[in-house]
Ligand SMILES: NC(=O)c1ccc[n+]([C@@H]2O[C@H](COP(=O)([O-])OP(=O)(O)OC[C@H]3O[C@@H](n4cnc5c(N)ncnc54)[C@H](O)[C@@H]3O)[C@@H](O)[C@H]2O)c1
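What follows is a single chain, given as structure tokens, in the form predicted on its own.
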Amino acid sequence: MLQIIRTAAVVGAGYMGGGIAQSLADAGFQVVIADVSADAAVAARERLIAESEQFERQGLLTPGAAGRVRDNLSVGASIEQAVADVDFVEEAVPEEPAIKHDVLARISAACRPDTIIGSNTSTLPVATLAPAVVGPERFLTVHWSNPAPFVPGIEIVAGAATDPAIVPVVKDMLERAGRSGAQVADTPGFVLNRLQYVLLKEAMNIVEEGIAAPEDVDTIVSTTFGFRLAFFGPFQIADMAGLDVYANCFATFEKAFGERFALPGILARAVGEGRHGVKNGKGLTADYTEEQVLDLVAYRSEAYSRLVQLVRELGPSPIHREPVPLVGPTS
């Protein structure tokens, strides 16, 4: 079995695939890109080098990034040529099962038997795509986020047939590329988009109910709990806020909104066991010493203060902030 990944191919050199290839090439991997044609792949390479030069000038990538991308990124005349002799292939074609099936079949037929194959799908389960792969034991989802050069988290999804031994090999590749891989179960939407879409759905419900306008919802999210999410996940935030407080809030929500806001079992059990979070040193996923609590509070204060400074330095985003009519009437 392959022990370490040194070379890669990315099939689909559009915005996402190109960003993945750019990131791996910048990290020192030898990367081949392929697209619908050799001309499209050549154009993508030129674009990625130009982008890298711009990012380097802006200080967004480390010095020498453009040179590393230029030296490490090459073009395949076809999918088959691009994947023929690499350790890892990332499929990054449109999110349509038929297209992915066709491309994955071509990839798996042309690459080495020990080549690990990943898909950048954001919602399709491995079980939906694996039947197209020759040797499904070397196939899994490796889901990057947009924009790939700057978002560090990667979802890793192993399927029923995936050899568990390839997961640490992929995680090692991602770590060497400066990324953090988190393994999740094979279910539609995985974790990232399941959470993201639930937030969007509830935000739209709030607007449709007349509780707040879209721009005000965006302001609340980006300046309150979304502000915290740059540093802490929901379990950590709950620990800091107080698990007993959250349990009481769920009682209010369930009374107002019904079963969909019922107290989660994991929280009920934790509070029933006397776990109230940081304030009594017993959290949802960890216990805390007094010293750790002091260190956590100090870190949190510094992190939030620095983020406020960064936001002030950058100024508002260029997205138009004036209220606009919602598309279509509501009933």
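Not measured: the values here are computed from a predicted model. The first residue of the shown sequence is 1; numbering continues from there.
The discussion below concerns the form predicted together with the named molecule, not included here.
Contact check for residue 146: a non-hydrogen atom falls within 4.5 Å of the named molecule in the predicted complex. The named molecule in the predicted complex is not approached by residue 111, whose heavy atoms all lie more than 4.5 angstroms from it. The named molecule in the predicted complex is not approached by residue 26, whose heavy atoms all lie more than 4.5 angstroms from it. The named molecule is not drawn, but in the predicted complex it has no heavy atom within 4.5 Å of residue 294. Heavy atoms within 4.5 Å of the named molecule in the predicted complex are found in one stretch of 69-77, 115-123, 226-234, 203-211, which is 115-123. In terms of contact with the named molecule in the predicted complex, the residue from 188, 178, 94, 131 that brings a heavy atom within 4.5 Å is 94.
Counting a residue when any of its non-hydrogen atoms is within 4.5 Å of the named molecule in the predicted complex, the hits in 8-35 run 11, 12, 13, 14, 15, 16, 17, 35.
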